[in-house]
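Presented below, as structure tokens, is a lone chain in the form predicted on its own.
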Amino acid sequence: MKKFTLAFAITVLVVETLAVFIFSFFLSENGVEQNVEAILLPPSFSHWFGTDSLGRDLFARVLMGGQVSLVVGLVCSVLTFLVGFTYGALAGGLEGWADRVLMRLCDILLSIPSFILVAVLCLSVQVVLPFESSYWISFVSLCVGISATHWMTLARVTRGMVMEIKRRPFIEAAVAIGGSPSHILIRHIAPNMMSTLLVMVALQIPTNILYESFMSFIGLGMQPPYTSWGILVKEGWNTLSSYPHLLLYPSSVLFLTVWSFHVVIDSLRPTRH
């Protein structure tokens, strides 16, 4: 059963990735063009997920929204890793009063409710961005807001691992032969902790997708006419009682994506005996 679940999750991610980043380009016109003669149609062979309030094909819009949600999830995970690893490695390498100051600052940020912090950061970044396009303003503010909220846990784990590894005999030997701190970190410490950190970073992807969807749902993320899974869920929520398919299909795709990421990443965790 476990192997079947893993195989199903991998299949979902592969098919979804191909559909979102390749097939959606062939269907983009159906997801953008309005058709007053096809408003709010139920699912059919010509419109697999039905149509929305403007007559646009919902299946095409789900694929288009997946481009934003998945890219935001991946970009935020990379930014989270860069900031968290750098901050944690610096704290673990310095130790002493500098380590205590850095970790207390990290604790203060962790004590702030994450959704509130993301919302404040998204609004603040949108004000100062120089872009004219609302798409890039929303995209960059989401990436900055989500990344600036999720690096603290990774930093704490990195700091603990650095402090533990640097006391091992092979690190002491590297120090004895004159290795510089940066050389020791890059060549000796980082390789011994990278597998654990990469799993943590991968686990951030589904979390980031949910955060993007939530921010867009409450109006702080992507803005129409652009779309994402959060916007589609919001549009479906507004017409839930009359046209449930507008909420059912985007939310189901969002659920399957997040669930599949968790199943696949969980299988990569090292097994302890």
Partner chain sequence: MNHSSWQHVAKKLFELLTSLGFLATLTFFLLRLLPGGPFDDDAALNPLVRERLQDHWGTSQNFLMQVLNYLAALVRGDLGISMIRPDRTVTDIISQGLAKTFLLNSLALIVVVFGAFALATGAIYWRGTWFEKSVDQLMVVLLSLPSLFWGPLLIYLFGFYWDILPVALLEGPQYYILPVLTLSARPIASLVRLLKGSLEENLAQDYVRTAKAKGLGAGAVLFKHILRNSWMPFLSYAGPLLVGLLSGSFLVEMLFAVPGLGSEFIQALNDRDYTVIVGLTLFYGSLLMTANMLFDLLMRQADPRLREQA
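Numbering follows the first chain given and starts at 1. Computed from a predicted model, the values in this text were never measured in an experiment.
Below: the form predicted together with its partner chain, not depicted.
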property: Output flag, V71, Y87 and L198 jointly within 4.5 Å of its partner chain in the predicted complex, heavy atom basis; result: no
property: Any non-hydrogen atom of S213 within 4.5 angstroms of its partner chain in the predicted complex; result: yes
property: Contact of I116 with its partner chain in the predicted complex (heavy atom, 4.5 Å); result: yes
property: Heavy atom of A98 within 4.5 Å of its partner chain in the predicted complex; result: no
property: Proximity of M163 to its partner chain in the predicted complex, heavy atoms at 4.5 Å; result: no
property: Answer option from A202, L185, L121, L102, heavy atom within 4.5 Å of its partner chain in the predicted complex; result: L121
property: In the predicted complex, segment of 78 to 86, 139 to 147, 125 to 133, 187 to 195 with a heavy atom within 4.5 Å of its partner chain; result: 125 to 133
property: Residues within 4.5 Å of its partner chain in the predicted complex, restricted to 228 to 260 and counted by heavy atom; result: V233, W237, L240, S241, P244, L247, L248, S251, S252, L254, F255, V258, W259
